[in-house]
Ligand code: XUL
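Single chain ahead, by itself, as structure tokens, in the form predicted on its own.
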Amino acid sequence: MSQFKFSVGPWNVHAGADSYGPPTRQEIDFDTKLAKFAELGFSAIQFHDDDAVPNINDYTEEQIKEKARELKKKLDKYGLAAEFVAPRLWMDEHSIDGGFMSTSAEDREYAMWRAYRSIDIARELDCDMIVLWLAREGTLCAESKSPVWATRQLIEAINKMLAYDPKIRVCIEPKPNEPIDRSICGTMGHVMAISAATIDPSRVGGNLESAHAILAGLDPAHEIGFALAMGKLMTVHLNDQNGIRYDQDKTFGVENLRAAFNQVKVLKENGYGSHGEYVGLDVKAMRTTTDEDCYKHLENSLKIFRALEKKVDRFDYDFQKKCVETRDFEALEMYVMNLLMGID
């Protein structure tokens, strides 16, 4: 019996447009996605604030709460929970040069408005976690803002969120670059430092995305393990990445199966999920994918994860111990490869 529950965001099924080309598939309405996610075996939905309340800027605080209550009824209909709400600041004109770290006081105030509304939405969805993907929180021009000032702005913003709701948890999703040039909070180590500087570190942790770790030149399993060791891994975004380039969000495990195995292994060995955590996917279909196959990347990610979970269950820890004692790492490495290749 698996110890894991899975979550997915509605943006994981999209029309295929990218920076270099137009859409290649038809848009799918939100209710249809919810029904399909439940059918595929997902237990929870990841939300941006404007996924939950489209055109959020057009509504009052009370109207936003009412629309969130309507969304909760839809989730209940399909037996789905809300995992988190994330303010999508990077798509707004107020966040051209960052939100929490904008040099404009007006824009920083707007960023906090979106953060507070995300917390309001989370309350209505019976959810206690806000995820911050700090997309534009950094610099496009190195000399445009002080990294000391910018870091302090982030800490101040998180402190305001923690003070706004005594039960909310703030989960930072680190990424070293893209769409900005230099991130202020690029790795899980940065997340830990920011957490320690807040007014309530117990409510601030991290969301490790596989591709983001690879973009930073780091091993995703080790980043997961680092956060687990600190008691700070609130969720994960599993996917895959072909080297240090743009963020690809590939199907989990398709580029480096051994790295994927070790991500599943470190999660399973350390009881991830025992406190209600979800295994989140953040994967995108290729532009060549047809309308008929537009959920296949999600199905394949789940299949690969579950297959690797069975591999972890079969892992021979006695043999591992023997290899470690004799430092026969060649034998241990080949054992892992045979396990993954299905060779006895």
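One rule holds for the numbers: they count along the sequence shown, beginning at 1. Computed from a prediction, not measured in an experiment: that's the story for all the values here.
This protein has a second form, the form predicted in complex with the ligand, left out of what is shown; the following refers to that one.
Checked against the ligand in the predicted complex, the candidates Tyr116, Tyr78, Trp90, Tyr110 yield a single residue with a heavy atom inside 4.5 Å, and that residue is Trp90. When contacts are judged by a 4.5 Å heavy atom cut-off, Phe226 does not count as touching the ligand in the predicted complex. Using a 4.5 Å cutoff between non-hydrogen atoms, Tyr335 does not count as a contact of the ligand in the predicted complex. A residue is said to contact a partner when one of its heavy atoms sits within 4.5 Å of a partner heavy atom; Arg203 fails this definition for the ligand in the predicted complex, lying far away. Contact annotation: His48 falls within 4.5 Å of the ligand in the predicted complex, judged by heavy atom distances. Remark: all three candidate residues (Trp11, Trp133 and Asp282) come within 4.5 Å of the ligand in the predicted complex, counting heavy atoms only.
Note on the interface: of 136-144, 170-178, 69-77, 262-270, the segment with non-hydrogen atoms within 4.5 angstroms of the ligand in the predicted complex is 170-178.
Counting a residue when any of its non-hydrogen atoms is within 4.5 Å of the ligand in the predicted complex, the one hit in 222-244 is His237.
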